[in-house]
Each structure stands twice: as C-alpha cells, then as structure tokens.
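Below are two forms of the same protein chain, given as structure tokens: structure 1, then structure 2.
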Structure 1
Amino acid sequence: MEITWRPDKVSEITLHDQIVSYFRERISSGDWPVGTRLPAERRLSEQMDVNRSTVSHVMDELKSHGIIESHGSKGTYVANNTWSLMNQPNWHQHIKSSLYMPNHKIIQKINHYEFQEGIIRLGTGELSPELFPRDLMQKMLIKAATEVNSLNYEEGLGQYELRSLICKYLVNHGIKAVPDQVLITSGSLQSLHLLSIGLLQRGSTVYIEAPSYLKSLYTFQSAGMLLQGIGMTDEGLDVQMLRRIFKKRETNLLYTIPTFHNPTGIMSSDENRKALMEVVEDRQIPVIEDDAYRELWLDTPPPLPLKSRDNNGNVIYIGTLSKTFAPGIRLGWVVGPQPVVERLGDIKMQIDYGTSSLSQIVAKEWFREGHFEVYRSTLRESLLSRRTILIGSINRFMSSFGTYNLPGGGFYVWFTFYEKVDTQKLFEEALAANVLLNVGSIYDFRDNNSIRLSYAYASEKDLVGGIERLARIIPKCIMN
C-alpha cells in the first residue's frame, strides 16, 4: 500500500489527530477494509513525512481500540471498523471468492509502474508516443467530426462499412472474407476474452507456443481452461509435437502467433505453416491465429497467414490496430466461420454493447483512405533505426551476458542469458534503477532465463541508457 496523503504541518490540528482522522476515513469508507495490511511504521513515517514516534503513537491508539492488530512479523492489519458500526460488506471476501483470477503479480507491477515518471520502459509492446502520427490523427478526427451524425447503440458485429473495409484490406494478405465473417472488437485482448467465454468449455486445454504472450494473461484460466505449452523451433511452432498431442476433433484448441512471435520474435516459415495447416485440417483442430505484428516487417515481408490457407474454416483470425497505429483506439477484429462470429457478436452485446463508435469512425477513415500505406514507410524507417540502436547497445553492453535473435520485424528482441540469472531479482533491481523490464518467466511455463526487450517504445536515448543501466545490474543477479 502506498500512502500519498500527508498531514498539513501548518494546520491547527495536531499531526496525531490529522493522521487518526485520515485512518478513520480510509477504514470507514471501505478503502481499507478489514484484513488490509498496513505498511510498517518506518514506511508510514517516510510516506507521510512525519516522525516515527508520531506514527507509533497513532498506531498504539488504534490498537487499543481494536481497530488494527499486530500479527508480529506478519505485519499490522485492519481488524475492525467500529467507526462504521461494523456495517460494511466484507469486500475482501467477495473479491477472493469471485471468478476471475487477479493479474499476474509482475504484470500488475508493470501496469502500475508504466505510468510512473522517469521510468525507462525496455519491454513495452507498443509504439513510442514519438512515433504516433499526430498530424494524421488530427486530420482524421476533424474529418470524423463532419461524419458524426449520431452516436447510437451499434450493431453487435460492428459497423458494416468498417467490416467491409477490413475484408478489402485482408485481401492483401490472401484472406477472403465477407463482412458477416468479421466481428469488430475493442482490441485483441477482448477478442480473446470473447473466445474464452463464448467458444470453449470449462476444463478444455488451449495449446500455445512455449513461451507465449498468452501465458502472461489469465484470460482462459479465469474462464476455467488450462494452458499447455508446445515447443518452438527457429521455424516456428513444433509441428511434430502438435501432431503427437492432438487427436481428432477434440475440444481443445491451438493459439498461435506465427508472425513475429511474441515474445521470441520468431517467424514461422512457409513450410512450417503448410505443415501446421495439414495437421490442423487432418485433426479438425480449431486454431486462433494472432496476427498483430504482420505489417511491422523490417527486412522481408512475412509468409501469408494461416487463415489464407484455411479451406475448411479451422482458423479464427484476430487482428488489431494497436501495434501499427495506436493501442488507445482499442480496435481489433475477429475473422472466422459465420456461426463463430455470430456467437461472439451475441456475447459482445452482453458484455459491452459494441465497440466505441468514435473508434470505429476513425478506423473506417484509417482503412478507407489507406493511411497506413503512407505512414508505413516512415514507421519502418524509425523502427529500423531503433532496432539498430537496441541491437548496437546490446552488443556493446550486454554481449558477454547472453545471446539474442535478430528479429525481422515486430517489436521484440528475446535475450537469453548464458548463466542462470535470478530474473525476479533482476526485475526488482532494474525497477529500483527506473528501468521497467518484461522478464521471460511471465510468458513461460518454466523459468527460461530470458528477457523480452522492445525497440518500439523507449526513446532512442533511453534505449541506449536503459541497456547500459541494465548491464550494470545483471552481474548482481547472476546465480552461483
């Protein structure tokens, strides 16, 4: 718990009384329900910038009233909310027994510290604000302003014109689809959430690459499914293993990122894709293909998506504007067999009544005018330069510690240490030095002794500075 409140030192009310009032308010409002663990007195005195003895007196008073209780070395807890006549629901109990798992602890930390000032984000999977096409966006919004006639509830699948434009766009990637096979979502994470509650039964298994971005989310586990890893080669997912694992028409499913895999950056080869589709068609395996990074190639264009090779409706294809344009627009799409898309649309009408019309209007403009075609070359140039800078810094400062892939696109460099590194400690130590890391363990079923570095987000200066700082920390975290 972080207390940002501080007593007013020039007030006529004593510091003691101010702090008691503050605690009273927090506890009786339910912000600190019974069971909340309080920071240690030393930390409290730092956080509120008062003497330790003042804090001690307050705590003693609260204890004597039974409001808080010391459990020895386990810390001090809110034990009672007499002030509220014990009238509060037991929120902690409610939260604990509810359905969804909390986010991964490290992900929670990342979500939190991302918004701290002065932090260098070395692992962040989105384009830097520097790369945001501000002028283009302004033009689009002004255009949108003339187009907004009303903002009523929308069709569950999303605006028809937007779905048509996405079909047209997908033809460039070998995918034939009609608007009825397209659902507009509020980004890929929502697409996955919809699939988890609308297409899978409790207890079924979602097979994913090990490591995989999906392992850092609890989307499927919270809905009662299991995740299971399938190994990868340099060519992509291990198809031999896939063949051994899957029987015909089982209730399980494969989730894969064949193009600029997150987090490893691996590009699945054309042969690998062919082989994968053969197994999938033979065993009738439903596949979710996550194709978020396709447009972000730097050296050569990637092979066609699995969906373009899908003659029998095995593949559910998910795409997004988050990686190529802006995550904040929260716009993605699912392309699949019509009953699947209809089903997901029906559920979307039960969880948020459709995606923001403003986002849909801007997305229409984006596709209609082919803005990406123009923006693409500037973006690629910047990403190329950033990749060079990150790789240069790794070579300069970190080459003695480990090895990495050279990604042909996407955002990520997957760095694996030679010696065993305590990556949990590395995360904490880096954070203390204002460097935010995405450690590999959050993406994997076992400790993979790796970290995911991203050249997309931090400024060019911070990429160099961040890697330099990190290199100084690594030796402290090598395990013997």
Structure 2
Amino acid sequence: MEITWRPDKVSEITLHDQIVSYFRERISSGDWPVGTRLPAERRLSEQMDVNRSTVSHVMDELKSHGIIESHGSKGTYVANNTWSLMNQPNWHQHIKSSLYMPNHKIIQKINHYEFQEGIIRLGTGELSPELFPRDLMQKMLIKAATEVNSLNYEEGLGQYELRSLICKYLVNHGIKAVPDQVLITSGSLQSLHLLSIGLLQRGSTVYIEAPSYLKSLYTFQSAGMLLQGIGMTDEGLDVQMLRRIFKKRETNLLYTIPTFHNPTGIMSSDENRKALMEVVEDRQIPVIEDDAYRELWLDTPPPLPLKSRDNNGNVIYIGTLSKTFAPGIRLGWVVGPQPVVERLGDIKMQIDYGTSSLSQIVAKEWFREGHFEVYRSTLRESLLSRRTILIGSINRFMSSFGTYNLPGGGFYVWFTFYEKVDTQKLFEEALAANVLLNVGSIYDFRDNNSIRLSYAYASEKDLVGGIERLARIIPKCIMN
C-alpha cells in the first residue's frame, strides 16, 4: 500500500489527531476494507514524513479500540470499521489490567468447543448425561417441593440440617466434624477461591503435585500466590521431596488430591499418606485435601482421607457432588477448624450471600434418604465398563505410541507418549477432527508429553471412535 497523503505540520490540529482522522476516513469509506494489510510503522512514518513514535502512538490507539490488529510477523490489518468504538471506554485496557488472570488459551478453547455439536469430548471431567439418574432426580425434586416454604437466603455457613447430614456422611470416612466446622459452597471451585483469598497473603507459596488440577486454574495465581510443584511417584506425592523443599512460613500451604488424582489417576497408598501426615505434623504444614473422587473407586475402596489422620487441625478438607452426582447442582463443602470455616463463610456472604437454597434442599434429600448409596453402586458399574472400553481402545489403536496408568477409580487415564509429541499441534489437529483433548501441559509446570483421557463423559461408541481418530493423528505430531 502506497500512501501519498501528508499531515499539515503547521495546523493547530496535532499530527496524531490528523493521522487518526485520515485513517478514519479511509477505513469508514471502504477504501481500506476489513482485512486490508497496513504498511509497517517504519514505512508509514516515511510515507507520511512524521516521526515513527507518532505513528506508533496512533497504531496503539487504534489497536486498543479494536479498529486494527497485529498478527505478529504477518503484519497489521484493518479489523473493524465501526468508528463508534473510538468513543467508548477503553475496555481492552481495563480487561488487561484486571486482577483476575484469563484462562489458559487451551482451556478457553475447551470451554468453547465442548458445547459444539458433533464434538467427541475425550478429556471432559464430568459424568455423561447418559449416567444422570433422571428418575431419582425427579423423585427428589417432587419430595423437595413439599418442603419448600420459601427460597430466601440461608444461614451463612449453609443449612444446618445439610451440614449435619454431611458430618454424618463423613463419619464413614473416618472424619469427625460438627456442623460449625462445615461450610456449604457453590462447588469445589468456589471452595478453592475462598481459600485462596481468605487464608493466604500475596506472595505466599502453594505447593502442589506436578502435574496437578490446580495448575490448570489461575485461582491462586490471580490472588497473588506462587505455585511450586512437588514430584509424584506411583505411590502418590513425593513426600521426601516435600520435606526437602518446604519452607516453613505460616502462609505457605500444600494442596493435594491423594485419592484418584486429577489428572494422573494415581492413588496415594496408605503408607504414603501416613508418611505425608508425619511431615505435615512435624513441619506444621497447612493442607488442603481435595477428595472429589473418593466414592468413584472401581476395584477396591481407597485408604481413608488425610483428614481422618488429622489430630491437630492441619488439614482443610473439601468435597463436592459434582463428580458423584451432577456438576450443575453446584454444591460442595469445606471442613476445617471453626475459625477457618467462619472466616470463609464471612467472605462467601460478601461474594454470593449463600449457596442456592434449592440446591441445598436437593442435597439434603440426596444424603438424608441414602440415595447416594444406591446410585453410586450402579455408577461404579457403568464407569468400570467405560474404563474397560477406553483401555481396550488404547491397547488396540494407540499401544505403539505410549504407555498409560490403569486407574483404580475416578475418571482419568494418563497417557504418556514414547516419542516427543507436539501436544499443541495434537490438540489442534484433534480438534479439526472433532475430538476435544486435554493435553498434559495445562496441568504441569512444563510440557510433560502426556494427555488426560476420560472415560466418564463420551458415549461408549465415541470412546472407541475418538481413540481411533486420535491414533491416526498422532504420527503427524511426532517431533523429529
């Protein structure tokens, strides 16, 4: 593009404003339609006989309003011809300067494409609609409707009866608690959010397994925390590594998923849990134990939670109905020392003024009538069948490409490639084939050459078809 126009250097109107007006006229008139590539800044400054810094300021302003956009080495292009954008607040700048970090780019794509028609979701961490207990849910809603006198706000910590029922339920797992030590939350994610802003100072370190579900979130990082990875063994978190590197500061803590770990599916052994709790008590390490998958064992019941061994109030325990019942009910719980629970409850009241009353009523029915005991038995049978199908498909189509763990429960198979694979390219190539993956790098501090496969969501037919498609794509993504 050759520009022969020059701004008037003796005009009272600044050079900056003259150039903006010139661009406005050319773009709004259609002379430079959307998609037009603009000359580089150096070339523009030469053509218009102005300093490059003046051009740079103009281009930055137009970019901030979405009129033009840069595609890196490919150049800068006209992106919009709606000049009313120039009269709006600079929302892009506000967004960039906000406290909460945006999701990882791959997570953003997963969140977008998982609701697209025809997508096979091989990484999704939720139960298939095929497994939803429709008849049971209908009965619970009918029963709950007879109890609804109002849907006003609830107690700050949640309905007392529900908290009492959860305490009764936790006794089966060796955890003794009273209702005042339980907070009802809007799912595990809110539990983590409350803990990140309620217990820690900016600059604190949160120790996590590497890889870890927490690494795929920016909850703690947005609150100003640092994450540090602790390696894993086949027995669970590397306790000796934790002992070596943990720095004793009151605001540091450990986050762990010892039971059917997300994303690897590893089950922490009873011996490992015992050793970990010895270090926790010795170093006075505050611990967040995420026990979302406990009820989903397929072979043998898991060891008791860390919280069951907690004699000194070191462990904060979080649970949820999202994995064992339905994520859309948005109900979880935090169990911990009463001062901690009260602190988190006070923050929660500032955020949403309490978890949904209707969700709490349904959850009461779930626990009070023992529905969870009936449903989890049939659910385990279904998940066991799905695990068999997924493992069979991996053995049939992908055994030459890598190795995997055989999880004893939960949702996930952690598949690691023998050869170095460009997992970003694998994600994109699979997406083009209508297969949605969760690549291992989103859970780790580095590219771990792995992917997380789930047998919980996709239909049995799609589990086979999705793995077969994936096997055809992998060779194209192996790095030489």
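Everything quoted here is computed from the prediction, not taken from an experiment. Just so we're on the same page, rigid core means the largest C-alpha set that superposes within 1.5 Å between forms. Residue 1 is the first residue of structure 1, and the numbers go on in sequence order from there.
Colleague: Which number, 1 or 2, marks the form predicted on its own?
Modeller: The form predicted on its own is shown as structure 2.
Colleague: Would you tell me if Ile19 moves between the two structures by 2 Å or more at its C-alpha, with the rigid core held superposed?
Modeller: Ile19 C-alpha, core-superposed: shift of 2 Å or more.
Colleague: If you line up the core, does Asn449 shift 2 angstroms or more at its C-alpha between the two structures?
Modeller: Comparing forms between the two structures, the Asn449 CA shifts below 2 Å.
Colleague: For Ser357, decide whether the Cα shift between the two structures is 2 Å or greater, given a superposition on the rigid core.
Modeller: No, the C-alpha moves less than 2 Å.
Colleague: Quote the shift of the Cα of Thr76 between the two structures to one decimal place in Å, the two forms being superposed on the rigid core.
Modeller: Displacement of the alpha carbon, after core fit: 6.0 Å.
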